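What follows is one chain in structure tokens, specifically the form predicted on its own.
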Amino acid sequence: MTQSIDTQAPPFFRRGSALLVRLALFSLLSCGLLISDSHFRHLESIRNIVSVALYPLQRLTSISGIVSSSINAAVETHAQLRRENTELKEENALTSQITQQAQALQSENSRLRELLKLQGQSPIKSTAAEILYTARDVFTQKIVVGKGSHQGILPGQAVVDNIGLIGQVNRVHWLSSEINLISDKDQVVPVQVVRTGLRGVLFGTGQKDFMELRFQPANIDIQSGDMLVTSGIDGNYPMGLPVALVRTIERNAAYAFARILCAPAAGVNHYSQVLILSFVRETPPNTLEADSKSKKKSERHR
């Protein structure tokens, strides 16, 4: 038996009517619909139904545009607010800085007025000086001022502010001077208790907030809050300058002396202007030394 071979194309590849025929058919159909709709309005109802069906899609499209424009406006508004906030912060910082500088200048001017007033009222000649910087050694309490031997400053002169004693000139240069503060560990100030008139010696401890009144008996009549002023017996400090306030008193029967801690009365570390006092105390000749010398001479002649 012989098998016949099917030479026909599969249904998928079979061609229908020609493409030109279908194009012509659909074109005539479209023209008929256009003419029918333009003259008889047969498609008006269909158009209404389609418009109703497409209305949600139109609203969604418009809503997306509205949301997009709102987001863009919100982003621009946020960026503008951030810029304005940054500018306001900068202006606020500048205003705060100017206010602080004005307050500092006002405070410094008030202290300068008090110093000038004190300088005019004091019978002792004084020289105003500006604090340049503090000593770099952390174990000392010293400052450097912008007046030196060229302005007549001498070692040993007392240094005060508008409240009281703050130190003593230690070393003098041509245009600057080094001042030991009363809180320096090497500084010693003869003082007197205002309430009782008791004399003593106040020692610096190397700490800016504490000094110690040493070698006082445990039963000494002294109280917390007593004012200590310069006694003037050493010839370096004028009498009556406020020095310190008594803070704590420790009495122990096991020790012969009381431990008395004091705080500086003046603003040791709070001012930029000071007065250097040109105090020279005229003391009479030492009669004890004269008598001892005369005795030695008489013994030699014998």
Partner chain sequence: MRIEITRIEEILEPARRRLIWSSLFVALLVNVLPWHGWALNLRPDLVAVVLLHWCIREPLKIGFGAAWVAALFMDVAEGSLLGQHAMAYVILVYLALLLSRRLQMFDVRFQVLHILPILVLSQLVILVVRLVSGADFPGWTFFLPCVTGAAIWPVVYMSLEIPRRSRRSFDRE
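Residue numbers count along the first chain shown, from 1. Remember, it's a predicted structure, so these values are computed and weren't measured experimentally.
Separately, the form predicted in complex with the partner chain exists; it is not shown, and the next lines address it.
Of the heavy atoms in residue 140, some are within 4.5 Å of the partner chain in the predicted complex. When the partner chain is considered in the predicted complex, residue 226 lies well away from it, no heavy atom lying within 4.5 Å.
The closest non-hydrogen atom of residue 133 lies within 4.5 Å of the partner chain in the predicted complex. Taking the partner from elsewhere, residue 38 is found to have a heavy atom lying within 4.5 Å of the partner chain in the predicted complex. Interface residue among 27, 69, 248, 252 relative to the partner chain in the predicted complex, by the heavy atom within 4.5 Å criterion: 27. Looking at 154-162, 140-148, 195-203, 216-224, the stretch with residues near the partner chain in the predicted complex, meaning non-hydrogen atoms within 4.5 angstroms, turns out to be 140-148. Contact residues in stretch 184-217 (any heavy atom within 4.5 Å of the partner chain, taken in the predicted complex) are limited to 185.
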